Structure formats: C-alpha cells, structure tokens
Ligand SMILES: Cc1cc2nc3c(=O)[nH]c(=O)nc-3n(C[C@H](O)[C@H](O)[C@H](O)COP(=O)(O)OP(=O)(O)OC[C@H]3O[C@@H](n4cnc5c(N)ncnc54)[C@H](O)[C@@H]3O)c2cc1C
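To begin, one chain is listed below as structure tokens, in the form predicted on its own.
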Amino acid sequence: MRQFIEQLKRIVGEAFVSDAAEERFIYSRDQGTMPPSDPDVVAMPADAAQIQAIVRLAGQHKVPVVPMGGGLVLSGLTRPLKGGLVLDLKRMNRVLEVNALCRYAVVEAGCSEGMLQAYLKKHHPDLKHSMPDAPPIATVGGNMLIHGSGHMSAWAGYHTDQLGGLEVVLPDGELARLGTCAVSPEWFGRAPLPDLAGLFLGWAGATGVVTKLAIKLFPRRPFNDVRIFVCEDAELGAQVINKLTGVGVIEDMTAWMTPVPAWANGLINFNAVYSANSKEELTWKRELLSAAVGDLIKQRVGGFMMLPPPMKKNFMEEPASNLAKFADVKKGGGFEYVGAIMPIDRFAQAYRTGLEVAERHDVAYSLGCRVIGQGHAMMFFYAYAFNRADQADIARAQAALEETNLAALDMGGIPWKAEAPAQKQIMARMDPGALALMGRVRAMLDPAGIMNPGNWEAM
C-alpha cells in the first residue's frame, strides 16, 4: 500500500492524497446508520486524465476504488467496504457549458447542486435545473447516478431521465463518452444511439467513474405558486395524485405526513408547485387544479389549505430547508430514510406501514413522497431521526429501516439507493435472468473487481 500511495501522490500531487487517521475517519462513514469502514487512503483528482492514471494504478496493485461526490447518500454507498482508495471528486466542480437555447448544461461530476444553482441564477436567470431536497453540497453527478429526483420531477421524471450524456473512466482506465457527445460535439441527449449510459446508472460506482454529465435545464418563470390539498383519508392519496398530475401543469408534487407540529398530525398534505409567465397564466393553472379535484371538494373529503404568502415561500424553497430541522429533531445529528420507489396506487398501504413500523420501534418519523412523472411512480420516504450518541436509539432506527426495506419489497416497491444489506434483499427477489446479467456485465467491465466492491455483487 505504501508504494501505491507514493505513486498516487505523483499523479495528483502530495497535497491531494492523505492516509492520515483523521481523514480516514471522516471518509469511513456518512450520516446514516451503516457502520464505518476505513479506507486506506483518500485522493482528490483534478481531471479525467488523473482518474484514468489512478484507476490503472489501482488495477495494477489490486486496490479497491470507491468514487465519491458529496458523500451525503445516507445509506453508506461510499463507505469503502473492502478498504482501498476513496476517490473524492469535489475538485472537479466546474460548470463546463450551458446551452441556453437547447436548455442543457454540462458539468464535471463533482459540481455541487448549489454551485450549479448559483451559476444559473447569475448567468442564466431564466433557467433552472431540477434541485433535489438535499444539502447544496450534494453533487449533481451523484444525485443523477443514484436515480435521484427533485423540484422538476413531476414534470420531467427521475434525474436520470434528465441525463443528456456522460463521460466515464472504465475500470481498465479507458475513457468513454456516451450519448450524443459520442458522435457530436453537442451533449443534447442519449437518443437515437444504443443507450449505454444505463451501465453506470444506479451502480454506486461499481462499473466506472463518471467524470462529466449533461443535465437538462428548464424555464425559470417569473410567477410561481403552490397549492396544498389536504385530506384525512390515506385511501384518497393515489386518487388525489392522479387527478392533480393529470392536469399537466405541476412541476413538483410532494406529500407529507408528520406528527409534528400538532396541527398537522393525522393530515395527508399534497403540495403542488407550478409556475407561469404571467399572472393570468398562473390564475388559469390554479383554476385547472381546483377543477381537477372539484368532486372531492364537493364531497367534503378534502380541500385546499389557505396559505398566506410567507408560508408559500417556505413550501417553494429549493432545496427545502425544513427537512434539515427534522434531521436533527433528536438533537444527535442522526438521520436516515428508506425511499421506496413504487406505483402511486400503493400510497395508502405505504402510509399505514410507515405508522405501524414507527410505533413498533418507537422511532421519530416523518412520512411522505415525491411524485415522479405525471403520476407514473412515487418515491415514498420513511424518515427516521436518531441520536448518534445513543446506541439504543441507533439500533431502533436500524431495525425500523430494515423492516421498512422488506415492507417496501412486499408492497411491490424497490428501496432507492439501497445500502449493502438492502441490495442483498433486492437481489434475493430479482429475476434470475436479470441477476445473472448484472453479474456478467460487472465481470466484463471490471474483471479485477476493484470498483466499489461489496456493492451490487450479483455473483
């Protein structure tokens, strides 16, 4: 390992390599409940050429390589489960191109969500990207590669649906560009070529190191509004989502159910965010939403909440800062959630399951979902806060998370950005042909088994 580290320093510079105990401690964990796993060394490359050299060197020394963006995934996907090198991509943080007319941006993999948001506000104030409700230091690349979602997902789907192409360093050190950028100097999409980008989406870095990405941009309109439909019967949830998204004007739709504050306990709240180029257009869209659920309002089983402007501002914030308050509700800095991707017709069952699991394990909870596409799916989240200084509290949260993962699978859903134990639960139920294909793909791309070993090991 010492020889590997010295050669690593010659590639990226001594200042960007560390095997100090305090560095290895920080990179051994994230904010979730997964136990730490120490790396042997950490490096911060400056460009794709350095990553190519590093990956080739790691292959020669059989050293595991774990790519990392913001390190905020919460499910431990960047913990080096078998030691080796954590490759921190935060130095590669440039916005390389914005094509305003064609509405896409090309960024380096370490560009943070906050940096892209700030860049667009300064240089292209009429454009925005789909901002996830994550801390601004979360990376654009990391969130896209885990099939993330954000404030344009009801309109445009998963963030992987908004991927226009990527550049990746393969496990043998070769570089490949996928999408239109493979043929053209433009990064405007992935069609009509054979779509190889999927070989690197959802794999947690187990098939290569993505270095650049193209992301779709959307109009930032001057008039914005949010409406919150409220009901008490979870059985209406799928119907409400279906009716409101069916209008085709909502950019972001989320549901939230929480026992605190007290006035919200027992209520099912659906936020519908939309925008317009004029007050008249905004009013027209507001009326469309009212008409969509008019029958439910007439039946007196639900209605829109009256919202004063200061409250609206909070509900339209990108990213939503109130989530951070729940993350520290136990005052111990511990927070993790199961985000189960599932069809919207599981809404009521998912809600009941969340209440039952939280009560059974006596954990602080918040439930909700983000709608993906126009009601095509949802990411139903079960968030559990815990006190990191209280081992019993951590154990309760871990038990609740494990039970929730299994319950999501039983409901026909799939845990999102699954931690290593949940990956095994998923693969145990996977179609044998799909599982075998995953194993063959990984063995073909990474025969030495150096890329983030311990994750998605299908063979």
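If you're wondering where the values come from, they're calculated on a predicted model, not measured in any experiment. Numbers for residues come from their place in the sequence shown, where the first is 1.
Keep in mind that the form predicted together with the ligand is not shown, yet the notes after this line are about it.
Engineer: Taking the ligand as it sits in the predicted bound form, is residue 39 near enough to touch it, meaning that at least one heavy atom pair lies within 4.5 angstroms?
Structural biologist: Output for residue 39 is no: heavy atoms all beyond 4.5 Å of the ligand.
Engineer: Does any heavy atom of residue 208 come within 4.5 Å of a heavy atom of the ligand in the predicted bound form?
Structural biologist: Residue 208 belongs to the contact set for the ligand.
Engineer: Though only this chain appears here, would residue 368 touch the ligand in the predicted bound form if you measure heavy atom gaps against 4.5 Å?
Structural biologist: No, no contact at 4.5 Å.
Engineer: According to a 4.5 angstroms non-hydrogen atom cut-off, is residue 45 in contact with the ligand in the predicted bound form?
Structural biologist: Because no heavy atom of residue 45 falls inside 4.5 Å of the ligand in the predicted bound form, the answer is no.
Engineer: Picking from 392 to 400, 56 to 64, 412 to 420, 425 to 433, which part of the chain touches the ligand in the predicted bound form when contact means heavy atoms within 4.5 Å?
Structural biologist: Heavy atoms within 4.5 Å of the ligand in the predicted bound form occur in 412 to 420.
Engineer: If the cut-off is 4.5 angstroms on heavy atoms, which of these, 74, 377, 316, 182, is the one near the ligand in the predicted bound form?
Structural biologist: For this set of options, the contacting one is 74.
Engineer: Which of 134, 350, 273, 293 has a heavy atom within 4.5 Å of the ligand in the predicted bound form?
Structural biologist: The residue in contact is 134.
Engineer: Counting only non-hydrogen atoms and a 4.5 Å cut-off, give the residues of 146 to 180 close to the ligand in the predicted bound form.
Structural biologist: Those in contact are 146, 148, 149.
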